[in-house]
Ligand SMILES: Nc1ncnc2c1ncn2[C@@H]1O[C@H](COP(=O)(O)OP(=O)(O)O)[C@@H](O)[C@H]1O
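This document opens with one chain alone, in structure tokens, the form predicted on its own.
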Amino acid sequence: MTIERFDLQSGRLIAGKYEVLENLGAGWEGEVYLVMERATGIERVAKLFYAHADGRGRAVKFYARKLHKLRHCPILIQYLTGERIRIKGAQVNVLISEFVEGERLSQFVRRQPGRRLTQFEGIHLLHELAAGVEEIHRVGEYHGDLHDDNIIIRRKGLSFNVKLVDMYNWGRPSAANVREDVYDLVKIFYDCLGGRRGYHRLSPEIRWICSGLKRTLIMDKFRTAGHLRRYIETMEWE
């Protein structure tokens, strides 16, 4: 049976353990809900996978195994457990993970004056993201799906706390996968600063990082997130 929407209502129980509090969003793979673990009262996140996107459990296994492998990378959410439930007569795989407070980067940026970050804020954000993704690259892995709706952000003094959600399986890790992560980090930075409409107002130092979003230039400058992080820490300003 093909299910295009789950539409779980508040109060619904998942696997007899998790009470649905609210819908946090949906994508092509499935739907994400804020739930409460009834035994402890702790808030968790439940991701329910559509059967057509799950590949008979392959997608949920990919997420679970990769999150477990990368459990020491603090920028990633922590995987807790998996469940298999029945909805509308169909078997559905569920991934339970920690709940992270904050808001999606896309929402955060829309609330800022001019719907963009200042260059000062942007460079701090890029540094946090690069340092976090560096830990993923350090163990020979990649994220594969970096964009402003997959980043949970919360202000912390001069900088930000950031967490990455979701990933994409492009196959076995490779240098090309890592470089795509780096390009995506720079694109996020570029978009947060106003994108094309604000590019001419950026300082030469910031434009040098963005490189007009020319993929080859960015990848030649920064092969990994670690290279990007180190450049930010030592860059000189005119």
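Quick note: we count residues from 1 along the sequence shown, nothing fancier. These figures come from a predicted structure and were not determined experimentally.
From this point on, the text means the form predicted in complex with the ligand, which you will not see here.
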| property | result |
| --- | --- |
| Output flag, 26, 99 and 149 jointly within 4.5 Å of the ligand in the predicted complex, heavy atom basis | yes |
| Stretch in contact in the predicted complex with the ligand, which is absent here, among 113 to 121, 129 to 137, 153 to 161, 91 to 99 (heavy atoms within 4.5 Å) | 91 to 99 |
| Contact test in the predicted complex: residue 80 vs the ligand, heavy atoms, 4.5 Å | no |
| In the predicted complex, residue 32 touching the ligand (heavy atom, 4.5 Å) | yes |
| Residue contact check: residue 45 to the ligand in the predicted complex, 4.5 Å heavy atom | yes |
| The ligand contact in the predicted complex: residue 141, any heavy atom under 4.5 Å | no |
| In the predicted complex: members of 104 to 136 within 4.5 Å of the ligand, any heavy atom | 104 |
